[in-house]
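Next comes just one chain, in structure tokens: the form predicted alone.
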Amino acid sequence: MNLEQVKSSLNISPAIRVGVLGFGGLGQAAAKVLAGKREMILVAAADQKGYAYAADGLNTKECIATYQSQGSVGYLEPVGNLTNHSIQDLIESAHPVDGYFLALPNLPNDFIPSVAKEFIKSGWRGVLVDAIKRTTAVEQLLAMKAELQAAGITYMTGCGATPGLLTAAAALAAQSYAEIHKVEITFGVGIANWEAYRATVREDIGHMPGYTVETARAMTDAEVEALLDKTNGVLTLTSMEHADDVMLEFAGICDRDRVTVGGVVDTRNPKKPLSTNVKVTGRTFEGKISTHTFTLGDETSMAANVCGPAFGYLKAGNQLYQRGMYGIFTAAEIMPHFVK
């Protein structure tokens, strides 16, 4: 009897083998989160210039040190591979991976949907999780439901903080009411250095008046720094195009025009400029108007509030996958499962 058969006889599930696509600030944080888990193991990581794979698990410290010193995990000896088509090559390598966290830029809007299509085309089967932000990007993925089902892929979308943790909290809070009047999500993000989260900051700039996804993506680092100098490093965002709206509508909770998302990002201070929260206002069956508020602790970082839920949803997605439930699901429909 081999180890897997012993585990099976004892009803012990083998660790879920996880890949992280994108190894910037969010991808590195994801690797650190996985390092403390026993139910999941990081076996693959990819960035723009290469990928690394190790069946018995990648060394998180070595991956991060290699990326920061040489610009790619592809330089990690002896498990790295340098390539300009890292995602495609990693998928085609057919290394066993149960699920991938797409810690990728949401720019342009069709980038993550295009990555999903790569997985479909390759014949890979398993679980995909994203922390996507924009409504239009999630709509593109929802339209791929039949393709994902046919491919045997269980796709969990909008599974970060917002959309994600706060959307799920809104879906839960809505149960007290007969009718939902409004859902207001307000976030505060503090980061010591914007360069650690370049893609995220550019996405946020794309939500500002006078900017688009395209103009934000085309900005040089110097142009981003010039903008941050003008605002003292603070970005104030209102009425954002955030997929919490379509996810709550898709789950049948309220019309999307009743959902608003906004926040403040301080790119020069790790302390949050304000507490992240979601407020759900509605009418109870007795006719009373009330508001539930769910507030995240200020000590939890953006990375903690994105990566933790993402892996919780990956675990939930893995259970759906094992039961033959393929297609696309959102954070407002499925409860995340805590990863030990």
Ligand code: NAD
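All residue numbers are counted from 1 along the displayed sequence. A quick note: this is a predicted structure, and the numbers were derived from the prediction, not measured.
From this point on, the text means the form predicted in complex with nicotinamide-adenine-dinucleotide (NAD), which you will not see here.
Shown without its partner, this chain lists 302, 31, 278, 44 as candidates; in the predicted complex, only 302 has a non-hydrogen atom within 4.5 angstroms of nicotinamide-adenine-dinucleotide (NAD). Checked against nicotinamide-adenine-dinucleotide (NAD) in the predicted complex, the candidates 186, 106, 135, 267 yield a single residue with a heavy atom inside 4.5 Å, and that residue is 106. Contact between residue 87 and nicotinamide-adenine-dinucleotide (NAD) in the predicted complex is found at the 4.5 Å heavy atom cutoff. The shortest heavy atom separation between residue 228 and nicotinamide-adenine-dinucleotide (NAD) in the predicted complex exceeds 4.5 Å. Contact check for residue 111: a heavy atom falls within 4.5 Å of nicotinamide-adenine-dinucleotide (NAD) in the predicted complex. A residue is said to contact a partner when one of its heavy atoms sits within 4.5 Å of a partner heavy atom; residue 19 fails this definition for nicotinamide-adenine-dinucleotide (NAD) in the predicted complex, lying far away.
Of the candidate stretches 228 to 236, 125 to 133, 213 to 221, 171 to 179, only 125 to 133 contains residues with a heavy atom within 4.5 Å of nicotinamide-adenine-dinucleotide (NAD) in the predicted complex. Taking nicotinamide-adenine-dinucleotide (NAD) as positioned in the predicted complex, the only residue of 60 to 83 that brings a heavy atom within 4.5 Å of it is 67.
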